[in-house]
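Next up is one chain by itself, shown in structure tokens, the form predicted on its own.
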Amino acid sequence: MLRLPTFDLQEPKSLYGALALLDEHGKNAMIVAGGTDLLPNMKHKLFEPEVLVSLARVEELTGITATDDGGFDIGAMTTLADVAASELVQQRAPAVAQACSLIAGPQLRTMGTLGGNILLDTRCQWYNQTYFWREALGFCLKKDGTACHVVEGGQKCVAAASNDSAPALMSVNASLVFERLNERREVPVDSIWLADGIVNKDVKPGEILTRIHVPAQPGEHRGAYGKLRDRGSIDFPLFGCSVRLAVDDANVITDAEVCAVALVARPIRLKNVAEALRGVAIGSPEFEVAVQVVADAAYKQCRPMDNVPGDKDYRREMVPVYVRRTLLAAVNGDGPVHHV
């Protein structure tokens, strides 16, 4: 049986109390939200904090509310299940609701939070293992070792961003609000990702992600999320993609985005998607051609590695399949794409 290391649990009832605890304990403290990822990682001795600051009792960090700009705010401690079930999110940002509905399984979505998924640690099949397993291998670049087992001779960790919510939030141009003692900042979600599998997020010491803002979407908004995985639930993505389309009254696409995850250390925004789809009428012969152009572009830009379970060649061949299916799901309002 894997056991948790010894730690001191602090349960503040206010955001200020949580920020003060992080400031007091510095590097020795970590935040725990739902705990669905952090606690297993602690059992694997990937993290051994002396203090855990729980946000479970900080009520101001939960809830979903409409905003005056036509968008909405989500408190970072709102559970994935609540985000997935929210009619407001389903109507205004369907890809976000769909992505949250496909994370893990029902029990974990009830505990796990949107903020926790956004800040999920990168994952790798050589890293997310027990201490005994990793020790036998000689450890790796990300933890305790000097060798990368994905890229021979590699000097940079390529553990993959595996958070389904990230590309969905990127596709709707969401922003994140971080707070620490006497400081608050709101940044575009794209700006926090780094191309470093060890630390892939630009988050300052002592900061807490408090809120996610999704602005109003232009035109008639359509969106969908697609997830490739081995099983129908529980699994992290082998590939994930989110689609956003803006459509005018004549059913012509005026803007488009496709964002992807589970490839490298940060989620990516595919290039040349809007150029291929903009000005194309849905259902026209040109639409089918444009969809194929986007699928082909995704195949060229998305190159899976042996950093997560699953054959990398199979995963790459499935990239254009899932991008195409997710585009069509967005057009038709068919819901999430998660064939296995």
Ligand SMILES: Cc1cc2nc3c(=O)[nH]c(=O)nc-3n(C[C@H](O)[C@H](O)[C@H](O)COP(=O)(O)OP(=O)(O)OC[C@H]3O[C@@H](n4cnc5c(N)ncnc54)[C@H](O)[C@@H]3O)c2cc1C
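Just count from 1 along the sequence shown to find any residue number. Everything numeric here is computed off the predicted structure, so don't read it as measured data.
Beyond what is shown, the protein has a form predicted together with the named molecule; the following relates to that form.
Practice problem: Could you confirm whether Gln98 comes within 4.5 Å of the named molecule in the predicted bound form, counting heavy atoms only? | Solution: Result no; Gln98 lies far from the named molecule in the predicted bound form.
Would you please decide whether Met30 lies within 4.5 angstroms of the named molecule in the predicted bound form, comparing each non-hydrogen atom pair?
Close contact exists here: in the predicted bound form, Met30 approaches the named molecule to within 4.5 Å, heavy atoms only.
Can you work out whether Val291 and the named molecule are in contact in the predicted bound form, taking contact to mean some heavy atom pair no more than 4.5 Å apart? Judged by the heavy-atom cut-off of 4.5 Å, Val291 is well away from the named molecule in the predicted bound form.
inquiry  = I'd like to check something about Glu207: if you look in the predicted bound form, is any of its heavy atoms closer than or equal to 4.5 Å to a heavy atom of the named molecule?
reply    = Glu207: contacts the named molecule in the predicted bound form.
- Message: So if I measure heavy atom distances to the named molecule in the predicted bound form, which of the stretches 275-283, 292-300, 37-45, 311-319 falls within 4.5 Å?
- Response: Partner-contacting stretch among the options: 37-45.
Listed residue that, although the named molecule is not shown, lies within 4.5 Å of it in the predicted bound form (heavy atoms), from Leu245, Ala76, Val214, Val264: Here the answer is residue option Ala76.
Counting non-hydrogen atoms within 4.5 angstroms of the named molecule in the predicted bound form, say which of Ala256, Leu102, Met170, Val83 makes the cut. Comparing distances to the named molecule in the predicted bound form, the residue within 4.5 Å is Leu102.
| field | Joint contact, Gly223, Gly240 and Thr326 to the named molecule in the predicted bound form, by non-hydrogen atom at 4.5 Å | value | Contact check failed for every one of Gly223, Gly240 and Thr326.
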